[in-house]
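Shown below, as structure tokens, is a lone chain in the form predicted alone; questions about how it binds or moves come after it.
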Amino acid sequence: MKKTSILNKLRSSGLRPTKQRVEIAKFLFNRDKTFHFTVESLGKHLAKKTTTKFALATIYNTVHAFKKAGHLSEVHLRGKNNTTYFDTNISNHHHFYDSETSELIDINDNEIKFDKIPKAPNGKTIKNLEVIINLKN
């Protein structure tokens, strides 16, 4: 991804392009494959891959600003930890979740078919439908 594209993502998210935010954006969006992460796991990845120091609050605020601007999607996993993941793939799609490795894996939208879904309550419309399939060994 070009530097101007990174700067545009930051600015469209309402963020000033500081060195830390540019590094976070490069790490998230300069990749070929979808990246799933928690704020904490992103902090660990950044510590390994860059020499820049990041406050967890900076990572948290940047990630949430990207989500609000539509550059990331949020995936809530229910369970004993109620973990929130973020996803660089913002298209409608589904996930496998491996609780042993804490890995979230994309499933193409066309690989799941719905024959029938309930009608939305009066005055409401269905925004999207997401399937999370939990895995175990």
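As the structure is a computational prediction, the values presented were derived from the model and not from experiment. In this text, residue numbers run from 1 along the sequence as written.
Below: the form predicted in complex with the DNA, not depicted.
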Is there a heavy atom of K124 no more than 4.5 Å from a heavy atom of the DNA in the predicted complex? no
Quick one: does T18 come within 4.5 Å of the DNA in the predicted complex, counting heavy atoms only? yes
Under a 4.5 Å heavy atom criterion, is N110 part of the interface with the DNA in the predicted complex? no
4.5 Å heavy atom contact, S99 and the DNA in the predicted complex: no
Out of A69, A47, I105, L56, which one falls within 4.5 Å of the DNA in the predicted complex, going by heavy atoms? L56
